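The chain below stands alone and is given as structure tokens, in the form predicted alone.
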Amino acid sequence: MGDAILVEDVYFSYEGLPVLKGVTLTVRTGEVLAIMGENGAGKTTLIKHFVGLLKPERGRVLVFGVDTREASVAQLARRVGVIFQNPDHQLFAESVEGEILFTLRNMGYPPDEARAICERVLKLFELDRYRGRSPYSLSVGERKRLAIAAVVSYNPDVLVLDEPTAGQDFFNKSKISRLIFGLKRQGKGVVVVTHDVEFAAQVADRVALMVDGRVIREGPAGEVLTDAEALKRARLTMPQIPAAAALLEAEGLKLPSKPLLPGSFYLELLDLLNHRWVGP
């Protein structure tokens, strides 16, 4: 695990309106970072700095040691792939297949290799049956998957997903989760911008909460997503499992830790109840 993106005391304004106010954050390879907060907190503005679409007014952003002010968007995009919330901003080819092939050709892949990668990616994202269709004939969820597939195809070192679960059903959320876990196993860095606390609890190693252009809390997911006060400031609800554990604690039944997921919750609760029944 190493530092992929360093955000150091970054300030940025739109037409004189401050949006980022001294943000410091690290994105690491081999780790999933969730950036969370209400609309207008500065999340999307922040991730645009990761590929140089925006440049800091103060502070700096380093991508694998390169200052984003000294590199082009095209150069940075080879290392960091960003999929924004609205897929229509990234899709323009005449067909689903053409979208992925264009991306691969643009990144310098030879035709035969690009074709082979395209086939694998279409099947991975279950888009192969739509290969000849216009991207704009797909549903919003399918277009989102296509935008993700196009970026995944060229194998960047860091993948940034802006609200990846928006418009996705349970089945496709699960596929996105598996994709994220697979990227992490490959040693890649993954950034997820999301309001979905349950999804963050499932996939994130680390969470950064943003409020009004600042990171107010950052740390392991198990600590941040159980911090009721910080979540309240970020206008987020606590995930269901730690919320249930908090209710039990209020009734005098305190678990050894603060579990995020159902399996851990069940095992800790069972162990605690066994101790109560059997005794020390």
Partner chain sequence: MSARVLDIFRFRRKRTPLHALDPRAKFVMLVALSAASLALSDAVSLSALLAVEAALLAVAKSLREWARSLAGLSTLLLLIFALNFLTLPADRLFVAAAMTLRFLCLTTAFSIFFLTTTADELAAALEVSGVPREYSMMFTMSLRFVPSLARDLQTVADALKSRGFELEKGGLKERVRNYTYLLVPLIVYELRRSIMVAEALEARGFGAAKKVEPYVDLSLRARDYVAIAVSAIALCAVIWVVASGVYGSFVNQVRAYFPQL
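The structure displayed is predicted, hence computed values, not measured ones. Residue numbers count along the first chain shown, from 1.
A second form of this protein, the form predicted together with the partner chain, is not displayed here; the remarks below concern that form.
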Heavy atom of each of Arg28, Leu62 and Phe64 within 4.5 Å of the partner chain in the predicted bound form
no
Scan Ser177, Asn86, Asn155, Ser95 and let me know which has any heavy atom within 4.5 Å of the partner chain in the predicted bound form.
Asn86
One residue of Val151, Ile117, Leu183, Leu124 in contact with the partner chain, assessed in the predicted bound form (non-hydrogen atom, 4.5 angstroms)
Val151
Listed range touching the partner chain, judged in the predicted bound form by heavy atoms within 4.5 Å, from 204-212, 109-117, 184-192, 77-85:
77-85
Touches the partner chain in the predicted bound form: Ile216 (any heavy atom, 4.5 Å):
no
Would Ala71 count as touching the partner chain in the predicted bound form under a 4.5 Å heavy atom rule?
no
Partner proximity in the predicted bound form: Arg131 to the partner chain, non-hydrogen atom cutoff 4.5 Å:
no
Determine the residues of 92-128 with a heavy atom within 4.5 Å of the partner chain in the predicted bound form and present them in sequence order; the list may be empty.
Phe92, Glu99, Phe102, Thr103, Arg105, Asn106, Met107
